[in-house]
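Next up, structure tokens for two forms of one chain, structure 1 and then structure 2.
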Structure 1
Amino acid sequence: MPSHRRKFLKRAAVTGSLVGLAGCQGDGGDATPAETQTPEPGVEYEEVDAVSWLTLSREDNPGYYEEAQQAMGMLEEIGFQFDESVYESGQWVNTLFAKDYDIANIGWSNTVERLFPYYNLYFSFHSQYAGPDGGNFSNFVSDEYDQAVENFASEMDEDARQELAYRCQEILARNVPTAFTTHPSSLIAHNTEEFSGWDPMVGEWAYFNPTTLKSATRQAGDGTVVFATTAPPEQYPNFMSHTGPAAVFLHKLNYDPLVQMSTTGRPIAEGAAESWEVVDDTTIDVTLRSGMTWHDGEPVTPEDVKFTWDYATEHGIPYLASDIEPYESSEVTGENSIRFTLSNPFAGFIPVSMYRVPIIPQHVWEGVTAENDLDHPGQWENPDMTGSGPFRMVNYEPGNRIVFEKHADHYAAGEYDFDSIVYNIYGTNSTAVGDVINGNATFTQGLGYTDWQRAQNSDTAEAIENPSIQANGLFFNVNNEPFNDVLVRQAMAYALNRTEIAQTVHQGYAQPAKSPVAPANEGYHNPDVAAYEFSLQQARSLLEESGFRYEGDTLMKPVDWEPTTEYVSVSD
């Protein structure tokens, strides 16, 4: 790790004299050589401290790790040094939520419901989630942004909501709480000998979801679909304590949500809800599919739906907190109907909340805490996994495999051309893709280029590149100097060569990023926000505008440095 060197200098040089910055690699397309100003006379300077940088280990996420190495190298060209903390996922998550870093490079998961960019725009940048334990990893606080993103979340008109999403992205682009780097493609592969006809879903989970699984046509084999994955589910199998996208998608096999998602990311009436009607901004009527049964044969009722939402609200499910939060109450209005009342208008209630929160049986979960002397139902070990989903979990071997068998009485059972599905956990993507090629597994996802290319070159597998809705970036902790200055953050954004990162880290299977909303999200991506095209000279100029100076290639700042620009309004 770089050491924290600290020295104090007093300069009497001529203001504005020009010196070259040693060790620069290129000038980002600038036509003139890089030039910098010497320290101001009479101003006491000190060397800029090393910046603490949090990243995930190569084993846990090679993409994050490699992007971190590339980005740090680029930012060193404008004089920054770094103390890098490389952690495995558990410690990384704890440090991330403690906000114990100057910069953290992370990305959002590439799941289909993120096409409604509530998480990317609201949860990640609203001031409500700044501070310890919140998901605003930049600690960005702006009344202007809060108002814009609240209006976005509550706007029920689609065109007006798009304009508000654009405004949110513009505020973020001008203030740069996060310097976005790439939108990596989702690299996925499937075996072609046993199943055909796949209709992949947008995003990372192209095959492992109830909608896509219906599209597979069996050509051979014993009727078992095997998903080869390196992602063990987090806090599984208790639904009330689950975390992470893997557990969310596993629960979609065992439990029915009210709505399912089309392969292009639109809510469709293929879940437990036969239909729904938005009565007004805070009222939604839902009609349940008739004749549904739980895995144990009991009928699924609107009382179960009401119980689920009341139960989740009462006890809380941290991973689904933002999905549950808009729910105020519900009322059973008929034999198969229920009315939801929201505490405030939330445009994402149908595409996000009703998709992510499945129905659980009242006759199984009611009384669990008292009967088992628990503080929270999420503490229930070996929970009864009775659900109403198209498949039922019949075997769980932590760290190894999870087996589901078809629920023969499910309303869509006849649409699945196989009888069981296995979530098989591998140690490496290389082994997983090898089993896809040799026929021991049906599909895999989350591949690096090398493994994906092996499938592409195989006669028994097909490799696909799915449109990415993921966004990776550098989250600046704006509570820490010097990242409390917009100009410093903009300077770092200019110093990143995103095209080079996309080429070297992702072998070209990524797009340079300038927004938390990827271009593949055509409904909400703002194409007109500032891109901060690579320019070391522009980066240095912004640092100097903020008061920084260079001594040779050493970046210096006034001892009494204060931020020049703490916020840039889009209304100015």
Structure 2
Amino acid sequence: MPSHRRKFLKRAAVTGSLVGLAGCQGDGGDATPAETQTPEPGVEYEEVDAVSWLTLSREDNPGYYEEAQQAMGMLEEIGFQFDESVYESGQWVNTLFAKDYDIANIGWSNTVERLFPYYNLYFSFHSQYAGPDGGNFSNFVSDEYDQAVENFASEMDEDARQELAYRCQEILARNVPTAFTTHPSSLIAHNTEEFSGWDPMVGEWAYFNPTTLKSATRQAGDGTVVFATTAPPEQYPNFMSHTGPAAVFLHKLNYDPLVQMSTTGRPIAEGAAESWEVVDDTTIDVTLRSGMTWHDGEPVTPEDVKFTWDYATEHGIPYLASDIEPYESSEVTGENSIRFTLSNPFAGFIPVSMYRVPIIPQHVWEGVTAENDLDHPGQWENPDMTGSGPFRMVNYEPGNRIVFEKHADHYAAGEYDFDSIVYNIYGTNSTAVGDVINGNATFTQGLGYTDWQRAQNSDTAEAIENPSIQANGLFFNVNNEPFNDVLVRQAMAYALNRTEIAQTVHQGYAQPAKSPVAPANEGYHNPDVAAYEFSLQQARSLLEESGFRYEGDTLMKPVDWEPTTEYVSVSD
């Protein structure tokens, strides 16, 4: 039976790593706590039901899958039993959004705009997204949190915003709607013979972004940068229908965003905007660079910027919905200037919205729906890819490769030390790494440990462990018993040996996590929140405090069990 096999593998892995870690085991690791209380006389107990656990199949995400197996093994140590559902991505997403689980383990992705932790804090824990179809996978509801995170999102002052982000993390750490496990590193490699001087950007997309591409200096070769990847872009090339991170990064070459991102994730004036000024909480003035042209030679005007935002608002781009939503209107205020008015203050407008929504040409897109009889411009089959970005898409063979050539009239054209860049799609990571080593490709990302080591051991490639802003964790469905008790959630958080998960699942290329905001995100990571250091003793005593008892190794729950603590406020 599959479940037996799982248990065997899991135990084998746990035992193996325990032996390996025996020398450095901290306190609290002992499996037989001294003072286990026996069931109280006069109270009727029953065995605790199996906890339903949702995870993604190994094929879809080995990291999530393996973390689930390890975590379940650890939680079995304090008496829980699990009923695991392993699904392919389609069914997994449906189940996740239906909140049809007690625990689901997932993580946030690793793209640079998430350094502004809007998604990790707002969409994942605001009560507005609790319930079916929302992205608050814990169903966590707290007025105190909502207040804090709303203030965070609308606070335009950086220091005050950091305080609010800290507060959000503090509330989460005390209430544990999610027990965080790890921040897995991004394993990335590049060839060292043709280009040098890379300044990798934080997160997964370390090289394939305009800022890092500028940092590369050509040593040899034919002036082509080849990105070896195994991930075909999501919907591409129509900008109005794009749906994922790969497409976002591809569009950044072809189109110019108003702001670019520094390699540490700060908005920098290297995009189409020469400067910007926050006039008040809902007004932002932007000055465009003068003399910019589209790939077809037409001038880029502030009218194009206004058109883009109005057009995107009118038709909608689901993937960018949250970036576009705060936009209310804009007004061309001069030859090269434009004023944005927001419907409500949104601190992420500059670092996220203005970075993710580039400028598209009015003269190309204006009549598209009428001319082609479309409901939505995203249905335009063979879109005119004229943009104003540093590169121009010249060839797209779906599933094979995408070729970009330098736009010689771009204001930063001189800073790119190569003439063309190819997004080359490989069947396997091992061939991609092989080609990076032998010089047929320039860089690759998203590697597994084995492939990454190959690059590290070669003379012609360099492998880097890039700081990650990803956070994985177990989302407790707080609507379901017994996860409506903070003590139970804290107990589970104590029972997780994060160091061991990092060692066994990620071969050490991960940091233990205690917050949705990773330490690599220096601007917002709160270093002072409770870490729930591994302690089975603490875990068991918290369960007992909540009314649970052990009969031998079996976890028992009073028949009329009620949660003792439903919420812990930070102001108390």
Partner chain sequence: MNQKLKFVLQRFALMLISLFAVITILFLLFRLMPGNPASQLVSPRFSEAERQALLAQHGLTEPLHVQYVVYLQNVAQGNLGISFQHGSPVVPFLLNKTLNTLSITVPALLLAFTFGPFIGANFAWNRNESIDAYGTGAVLIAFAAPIFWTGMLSIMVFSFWLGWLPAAGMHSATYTETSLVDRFFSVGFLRHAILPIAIFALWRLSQPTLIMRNNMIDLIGSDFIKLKRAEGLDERTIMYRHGARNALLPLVHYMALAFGFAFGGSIILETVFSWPGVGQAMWNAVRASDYPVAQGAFTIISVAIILLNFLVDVLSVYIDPRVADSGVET
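Only the largest set of C-alpha atoms that superpose within 1.5 Å between the two forms is called the rigid core. What you see is a predicted model, and the numbers here were worked out from it, not measured in a lab. Here, a residue number simply tells you its place in the sequence of structure 1, counted from 1.
Where the criterion is the form predicted on its own, structure 1 meets it and its counterpart does not. When two forms of a protein are overlaid on their rigid core, residues whose CA moves 2 Å or more are considered shifted, and residue 498 is one of them between structure 1 and structure 2. After superposing the rigid core, the C-alpha of residue 128 moves by 2 Å or more between structure 1 and structure 2.
Superposed on the core, the two forms differ at residue 100: its CA moves 2 Å or more between structure 1 and structure 2. For residue 45, the CA shift between structure 1 and structure 2 after superposing the rigid core equals 8.2 Å. Once the rigid core is matched between structure 1 and structure 2, the CA atom of residue 178 is found 2.9 Å away.
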